[in-house]
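In the form predicted alone, a lone chain appears below as structure tokens.
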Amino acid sequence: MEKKKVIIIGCGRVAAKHIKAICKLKNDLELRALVDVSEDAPKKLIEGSKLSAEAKEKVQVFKDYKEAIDTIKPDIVAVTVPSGLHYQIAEYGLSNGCNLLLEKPMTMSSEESRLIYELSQKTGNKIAMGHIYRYFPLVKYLREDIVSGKFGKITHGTIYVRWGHGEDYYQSAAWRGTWRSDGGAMMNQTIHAIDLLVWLMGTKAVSATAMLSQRLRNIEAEDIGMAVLKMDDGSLASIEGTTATSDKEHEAMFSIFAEDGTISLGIRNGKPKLNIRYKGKSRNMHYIMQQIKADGIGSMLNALNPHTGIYDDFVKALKEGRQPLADALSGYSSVDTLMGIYRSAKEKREIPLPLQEPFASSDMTGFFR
């Protein structure tokens, strides 16, 4: 099968991870274009990449994403621009025969995410979401056993995402930390963690209760948020997301508690943390060996660059005619849940999910005045 043609729209810091993944999967993928309003950003990306000299020559540079899509006619469009621009690019890409790799969040409103999901269904073009935690080692095998009932009835789940960013991060671009284009710690840093927790629990959120605060970061949106989700099976999920911690100590941890065991996994400063217990005994090695036997020892390294896992699964999904592991529905559902969290904080009440009325992050403008 011919290599899938990829173009990347947006040449910020995350685009480098995409190129690294494309290099790793060079037998299946080829980068054909970079798109950015800046002339220097694409050049720096190409120069700093490990693309071969031959591969670099194939990369065209565009300022206009529509021109790039029309010219290259790519198989995959990777969207790595600020979140507020996702909707217009996703709509054009899907309408013009492209499959999308969309960084989180899908869009900045529940309505726009619903429309993109429905357009994907209508056109038959697939979307892989940048919900990186679904692609971490062991995760899919743990979910299979949780959903099958091996661990017994789920009582609750918890996540915390303490992904500190200093003022230099927020000052590096005018859109960072704004309600319209970025959102705060819950929207930007925590949404894919929310996606993973709900997915791992094998259930759906039916309501959200939340509070937001601004403590240390000089931004428009929240630098800390806490929420509780009520799930359709009666279990609960608690969420903590913040950027008001040290930018030198990034950590995220997921835990699921059930009548016959406890599952905790996460990452701290790039190092994995794991504690899986079943009926009082550790099951860490059982799942590690299951991963290695099924997907090879190299799959254990996906945590170093989860985008390799996203692209690898996406290529296989296109070949096999199936949906990606983190698909369009996951993108829509996670945004809808997040908007429910924001709405709960704004209206100071429990919000039923899925939302019955549209809500956008821009509706939070002025929340902290």
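The structure displayed is predicted, hence computed values, not measured ones. Just count from 1 along the sequence shown to find any residue number.
One more form of this protein exists, namely the form predicted in complex with a small molecule; it is left out here, but the text below deals with it.
Just one of Ser109, Thr178, Ser120, Thr80 comes within 4.5 Å of the small molecule in the predicted bound form, counting any heavy atom, and that one is Thr80. A single residue from the set Ala328, Val35, Leu31, Leu338 has any heavy atom within 4.5 angstroms of the small molecule in the predicted bound form; that residue is Val35. Contact annotation for the candidate site: Gly12, Gly130 and Ala173 all lie close to the small molecule in the predicted bound form (heavy atom within 4.5 Å).
Looking at 36 to 44, 23 to 31, 330 to 338, 317 to 325, the stretch with residues near the small molecule in the predicted bound form, meaning non-hydrogen atoms within 4.5 angstroms, turns out to be 36 to 44. Contact between Asp223 and the small molecule in the predicted bound form is not found at the 4.5 Å heavy atom cutoff. The small molecule in the predicted bound form is approached by Pro105, whose closest heavy atom lies within 4.5 angstroms of it.
Mapping the unseen interface onto this chain, His192 counts among the residues with a heavy atom inside 4.5 Å of the small molecule in the predicted bound form. The small molecule is not shown here, but in the predicted bound form it comes within 4.5 Å of a heavy atom of Asn188.
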